[in-house]
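What follows is one chain in structure tokens, specifically the form predicted alone.
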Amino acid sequence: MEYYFAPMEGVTGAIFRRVHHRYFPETDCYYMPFLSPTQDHVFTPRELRNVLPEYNQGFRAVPQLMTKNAQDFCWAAQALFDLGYEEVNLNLGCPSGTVTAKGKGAGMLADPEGLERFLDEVFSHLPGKVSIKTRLGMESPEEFPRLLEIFSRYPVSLLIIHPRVRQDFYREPVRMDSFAWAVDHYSGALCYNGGLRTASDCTRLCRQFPQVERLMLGQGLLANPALIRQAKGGPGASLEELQAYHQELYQAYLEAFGSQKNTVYHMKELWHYLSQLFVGSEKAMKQIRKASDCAGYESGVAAMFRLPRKEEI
């Protein structure tokens, strides 16, 4: 079984990937948060700091693109292939209202004919691997058979299915019956993504779908950075590992941002997930959320690390 880290906008950037992999190297691949190529056909300095190979050495990483314009996608994908990447990923899963209103992300699923034209152009021009991360549709899983039939026409290197529709966002339960239908009706390579928060969840899904050889983890892996190690039969994270992992990430952000405010902001986002490892974390988490500088933040983190940890989250 291969385990992939899902792209999480604003969280799993290049700095995060490097630090996470140093402490928890069991992750087989990191999918990068999406880039949105424009008609200017230029990567910004900020985008380059995320995707240049020198910032992603020592582990496999796959850039993700989100656009409804096939020419822009082809330009960006070719530029990434020229940098040495073997695969690029198309985002058809982002449920954000500002994204879908522009017909991007999961919004592309509402127009199957337009999606087909997009894929026609992409797969007729690009020489490298193109994978797709998708939801089941915009409003109803009844949209999915048509979409899966479209995907089946192209040499998609990997189809990553998040079995929710856009209207579900991340709140509603995953629709396992739809994923089971895909397993039975799609002949290409599949990856499951959605709702895997514990090693037991991973084990259960592997038993249910033994023919699926890839799992993608997101929020569960942010909450428990050793989750893939546990899913592969290893131990959970020790307190010393968690403290060292946190400290290196914290210091790396301080150096990169040169700002206490920006660093604390980024670390708060991580603690939204990481706090789930600790019993009775509400008070310490409140202190972290209120922090506006390093002193307040570090005090809250120290209080968090004094708490007992949950056996499984």
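Given the structure is predicted, the values throughout are model-derived calculations rather than measurements. All residue numbers are counted from 1 along the displayed sequence.
Separately, the form predicted together with a small molecule exists; it is not shown, and the next lines address it.
Chemist: Establish, in the predicted bound form, whether Thr27, Ile228 and Gly236 all lie within 4.5 Å of the small molecule, using non-hydrogen atoms for the distance.
Modeler: Heavy-atom distance to the small molecule in the predicted bound form: none of the three under 4.5 Å.
Chemist: Quick one: find which of 27-35, 274-282, 48-56, 253-261 has residues within 4.5 Å of the small molecule in the predicted bound form by heavy atom distance.
Modeler: Stretch 27-35 is the one.
Chemist: Find the only residue in Tyr170, Trp181, Phe81, Tyr154 having a heavy atom within 4.5 Å of the small molecule in the predicted bound form.
Modeler: Going through each option in turn, the one that passes is Tyr170.
Chemist: So in the predicted bound form, does Asn193 come within 4.5 Å of the small molecule, heavy atom to heavy atom?
Modeler: The answer is yes: Asn193 has a heavy atom within 4.5 Å of the small molecule.
Chemist: Applying a 4.5 Å heavy atom distance criterion, does Leu217 contact the small molecule in the predicted bound form?
Modeler: Yes, contact at 4.5 Å.
Chemist: Is Asn91 close enough to the small molecule in the predicted bound form to count, meaning some heavy atom within 4.5 Å?
Modeler: Yes, Asn91 sits close enough to the small molecule in the predicted bound form that at least one of its heavy atoms falls within 4.5 Å.
Chemist: Test of understanding: in the predicted bound form, would Glu9 fall inside 4.5 Å of the small molecule by heavy atoms?
Modeler: Yes, contact at 4.5 Å.
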